[in-house]
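Just one chain is shown here, as structure tokens, and it is the form predicted on its own.
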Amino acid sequence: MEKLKIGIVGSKFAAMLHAESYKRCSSVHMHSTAAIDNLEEFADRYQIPNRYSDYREMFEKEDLDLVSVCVPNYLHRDVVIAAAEADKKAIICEKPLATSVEDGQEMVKICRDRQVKFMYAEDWIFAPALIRAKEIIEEGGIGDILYVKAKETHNGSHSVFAQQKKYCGGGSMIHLGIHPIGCLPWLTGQDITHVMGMITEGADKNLLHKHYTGEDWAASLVIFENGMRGFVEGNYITCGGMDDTVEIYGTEGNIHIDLTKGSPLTVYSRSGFEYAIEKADFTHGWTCPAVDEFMSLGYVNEITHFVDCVQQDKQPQMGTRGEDGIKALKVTFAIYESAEKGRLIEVS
């Protein structure tokens, strides 16, 4: 089978996650990349031959089978629509899908109208620990689910695009909490129908990051369509490295999952070493270094699934379609509305 020609738009953190995962997929060739900065360094690192400062030029000149959209949130709409209108076969868009529900709906419609396969990159759905948890749930191992609790937290982003609401669409909820929001319906088989949110409000009203215009802490109680309860959180005030956890409580048992700090390695180092886990400030003393974050957080399985969808002309699984990205946005913005109005909000 001929290798798929991959195009990557972007050159920073998200692009690196995609490129590292593509490296492990023997049926693809990272053919082209486009970025306005860090282009040569990124392309050299992953031996990508065709390089562009303008993604529109890349779409015009290169016959690409699959495009990874790994740019700041506010650019997702423009890049996805440009790729669709250039008749690319398939597109992967990083989370969140867009900075508004309306933009997300436009992206999905244009891709559908032009028969472009449009996939939403929610990596938690492909995390091996969560896949195993779902198997146990479906087997009846913890009975009927009563309550789920999930969070992604760390000590803040270095990217100005994540720090500013006009670029990100919000703050820690849309940037971090979007993971549990997108994952829990897949894990439980139930959509979120109502939310009761609370957030800091940006700038001086933030707990810690006063120069962020979006919130640095956000949480919400949620209600699922079958009446099950849940809790989701995203914050930028957590020191000590990224902290991603999921808890599931059932009538016959419970499951606790640590996606980021559940390493089988324990290391004591006086001098420190290069890397332990994402967002950790230092590595001296006792640490639990990640063994393979690309696998444990789902990125490798995610890219493998999307590549298979293109090669086999299959539809992406629940939670990873463009429409699922819109659902996650609707829940997120309902949380923001709830926090503003101080009451329970139904997700439209």
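Since we're looking at a predicted model, the values are computed, not measured. Note that residue numbering begins at 1 and tracks the sequence as displayed.
Beyond what is shown, the protein has a form predicted together with a small molecule; the following relates to that form.
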{"query": "Option from 190 to 198, 141 to 149, 174 to 182, 211 to 219 whose residues, in the model of the complex, bring a heavy atom within 4.5 Å of the small molecule", "finding": "174 to 182"}
{"query": "Close approach of Ile137 to the small molecule in the model of the complex, 4.5 Å, heavy atom", "finding": "no"}
{"query": "In the model of the complex, Ser159 touching the small molecule (heavy atom, 4.5 Å)", "finding": "yes"}
{"query": "Partner proximity in the model of the complex: Thr332 to the small molecule, non-hydrogen atom cutoff 4.5 Å", "finding": "no"}
{"query": "Close approach of Leu75 to the small molecule in the model of the complex, 4.5 Å, heavy atom", "finding": "yes"}
{"query": "Sole residue of Asp243, Asp103, Glu94, Glu233 within 4.5 Å of the small molecule in the model of the complex, by heavy atom", "finding": "Glu94"}
{"query": "Proximity to the small molecule in the model of the complex, single hit among Glu60, Asp37, Asp292, Asp44 (heavy atom within 4.5 Å)", "finding": "Asp37"}
